[in-house]
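Coming up is one lone chain in structure tokens, specifically the form predicted alone.
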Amino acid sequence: MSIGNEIVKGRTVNTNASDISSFLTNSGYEISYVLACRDIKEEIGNSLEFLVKKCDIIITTGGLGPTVDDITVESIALYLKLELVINEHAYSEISTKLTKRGMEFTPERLKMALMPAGSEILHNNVGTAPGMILKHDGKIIFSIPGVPSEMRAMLPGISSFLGPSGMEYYSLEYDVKGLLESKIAPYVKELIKKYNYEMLVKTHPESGNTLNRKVTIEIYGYGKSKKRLETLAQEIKEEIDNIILTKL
């Protein structure tokens, strides 16, 4: 869940969502939803309500800083009906960073140490505001800064906390020139059924004139064995290549 008016109104391109999704997908986790909402407590709460019902792991980005519109952690505490308290580890980490920079620990900066009771911190080695880890009713909520460099630096920490997903992900992509997506669509549908949805096939068309038309074919799936996924993907590719050669 990306939080910020600048995201929703289109001022800022939401690269965080794609980076997080790509990182976790390749770690064997399946992404179900990607949401964005404004810096409004009610909307953050509504988004959380939806995600808590649907997902086991929720990651929020943005809204952890010292400004008046940084209300992510406060909104999470309000929605979950948890007391907002000063996290001693967050306070210590922020205090150390401010001291090294010769900066004052103002009330606004103190806000970055406030977290729902029971939270753990996720270390931020790039910026000032630490991230938050909260386990609640069998769910895990991570809140990390929206600054892309800080977000990316904290992804390994999320992965380390979660541990191995128990699943492997594999994707095979290749381009086919001069192919009409609509022509191959019926064959793709049958191939997915043939492999019992263990591997999925997605076509990504690229606009252009007839001579330069190109379709990227993506074959992907999750499973216990990456070797099996690789084998299945290669088998499907060979079938697709044969269909293109003999039927299209």
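Residue numbers run from 1 along the displayed sequence. Worth saying up front: this structure is predicted, and the values here are computed from it rather than measured.
One more form of this protein, predicted together with a further copy of the same chain, exists but is not displayed; see below.
Against a further copy of the same chain in the predicted bound form, the set Val147, Ser182 and Arg213 is in full contact: each member has a heavy atom within 4.5 Å. Screening 134 to 142, 81 to 89, 155 to 163, 121 to 129 for residues having heavy atoms within 4.5 Å of a further copy of the same chain in the predicted bound form returns a single hit, 121 to 129. Using a 4.5 Å cutoff between non-hydrogen atoms, Thr231 does not count as a contact of a further copy of the same chain in the predicted bound form. For the chain shown alone, Gly223 is not a contact residue for a further copy of the same chain in the predicted bound form, no non-hydrogen atom being within 4.5 angstroms. Within this chain, Lys177 is remote from the site of a further copy of the same chain in the predicted bound form, having no heavy atom within 4.5 Å. Shown alone here, Arg11 lies within 4.5 Å of a further copy of the same chain in the predicted bound form, counting heavy atoms only.
Applying a 4.5 Å heavy atom cutoff to a further copy of the same chain in the predicted bound form picks out Glu30, Ile31, Ser32, Tyr33, Val34, Leu35, Ala36, Cys37, Arg38, Asp39, Glu43, Asn46, Ser47, Phe50 from 28 to 50, in order along the sequence.
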